[in-house]
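Starting off, we have a lone chain in the form predicted on its own, written out as structure tokens.
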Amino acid sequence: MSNKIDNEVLSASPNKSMQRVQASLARRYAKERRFRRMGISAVITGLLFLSLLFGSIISNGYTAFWQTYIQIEVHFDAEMLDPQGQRSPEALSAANYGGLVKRSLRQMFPQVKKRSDKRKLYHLVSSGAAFQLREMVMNNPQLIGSTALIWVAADDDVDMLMKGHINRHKPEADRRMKDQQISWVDELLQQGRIEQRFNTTFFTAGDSREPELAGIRGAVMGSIFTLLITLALSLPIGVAAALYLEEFAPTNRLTDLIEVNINNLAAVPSIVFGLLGLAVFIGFFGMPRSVPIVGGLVLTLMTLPTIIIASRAALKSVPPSIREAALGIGASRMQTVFHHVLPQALPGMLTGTIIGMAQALGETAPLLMIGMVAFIVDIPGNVMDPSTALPVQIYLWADSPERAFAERTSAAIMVLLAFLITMNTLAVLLRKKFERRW
């Protein structure tokens, strides 16, 4: 009888163990499924927020690539432009071109008599129209005495009205444009004197206090000069430092301290490098403010740790057998490094350098500290000319109250993102093209 009970207990025990194992497996599989769902949810949430960000930027900024123009009939009156008839560049440059624009507008709307109404009428056209006429006359003095139909940029308020950013159905006190100005715009529309064109000024002009005249060329050129200085300094210094630390430096406390400091510098906030540049390059060496060469020096300090770390990782990825084979056939240590190891690690170094340059391109805080936040109208021609950078230009426009600057802020962000995406894509392509799996 006891043997029968023992057999039943033994036969029941494996069944219970199997049930416990199966229950444990079911719980683990359920946890794995929950973890996968959480991961997928996190990825989808991130993509949704990214899409929302990009969608907001694009929806606010794409209209900046189009500008409203008004056609006016201008008589280049010789009495106003060159009463002496000398046609000298000095006289033509100082002529009253703004008066020509105002007279053209008065002739287009002869019913406008009051001085206050005339001021409203003049505000339909950008102040840059006078500069456009001056440039035309300076390039071709034969225009004096003739009459021509000319398309000039509309004022930013007219531009915002045409793009739907000003609601004409709101009460007059709640919008920037008056009812009388809107009626003039409607009349010009009926006459076919208003149209929208691609905004080339946005890409060819420097900064301006008038939104319709503001462009990003000055900021882009400043960023290019700054990045050229950064690349010329950070790439050779970073690669040389990585080569020495990885291939030639002895392992001791000094090199360990250097490695720790390099890793720590990669995590230092960028504004600290701006303060360092302000104190050293401007305060101690007396270099000028707001110039790309100082910005390049500051960004070099900031990107060096990133390039050194990436270059060392690329050198570590080269198998020891490459070094051993080169040394085995009689190559020196220098020949082994520069003829065999460095060519294999160069793609990884270039990838790290491009990522470092992309990081430098998007930096604003260090450039603010060295004065590249100044209002610069002229396009810089070299690394010693005062300039700003594209991220700083975005910062300046974002602080402006005009609605037209808000649209240009988003458009400049789109251009900056295009540069960053291009640089990161180039880094990925280089890595995939030259990467070797050992």
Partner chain sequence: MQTNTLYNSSATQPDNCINIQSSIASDDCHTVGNTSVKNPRMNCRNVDVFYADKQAINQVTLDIGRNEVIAMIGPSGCGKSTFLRCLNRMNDTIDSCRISGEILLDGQNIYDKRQDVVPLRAQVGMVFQKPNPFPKSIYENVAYGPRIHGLTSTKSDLDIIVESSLNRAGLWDEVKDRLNQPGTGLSGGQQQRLCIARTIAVGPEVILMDEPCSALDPIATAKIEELIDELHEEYTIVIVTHSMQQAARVSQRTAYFHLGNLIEVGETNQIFSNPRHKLTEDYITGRFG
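Keep in mind that this is a model prediction, so the values were computed, not measured. Numbering follows the first chain given and starts at 1.
There is also a form predicted in complex with the partner chain; it is not shown, and the following applies to it.
- For a residue to qualify, one of its non-hydrogen atoms must sit within 4.5 Å of the partner chain in the predicted complex; none of Leu105, Pro110 and Gly145 qualifies.
- Of the candidate stretches 159 to 167, 339 to 347, 178 to 186, 264 to 272, only 339 to 347 contains residues with a heavy atom within 4.5 Å of the partner chain in the predicted complex.
- Within this chain, Ala325 lines the site of the partner chain in the predicted complex, having a heavy atom no more than 4.5 Å away.
- Within 4.5 Å of any heavy atom of the partner chain in the predicted complex lies no heavy atom of Gln196.
- Among residues of the shown chain, Ile329 is one whose heavy atoms approach the partner chain to within 4.5 Å in the predicted complex.
- The closest non-hydrogen atom of Pro171 lies beyond 4.5 Å of the partner chain in the predicted complex.
- This chain is displayed alone, yet in the predicted complex one of Asn140, Ser93, Thr200, Ser321 has a heavy atom within 4.5 Å of the partner chain; that residue is Ser321.
- The contact residue chosen from Gln86, Ser317, Gln335, Thr204 relative to the partner chain in the predicted complex is Gln335, the criterion being a non-hydrogen atom within 4.5 angstroms.
- Using a 4.5 Å cut-off on any heavy atom, the residues of 247 to 281 that reach the partner chain in the predicted complex are, in sequence order, Pro250, Thr251.
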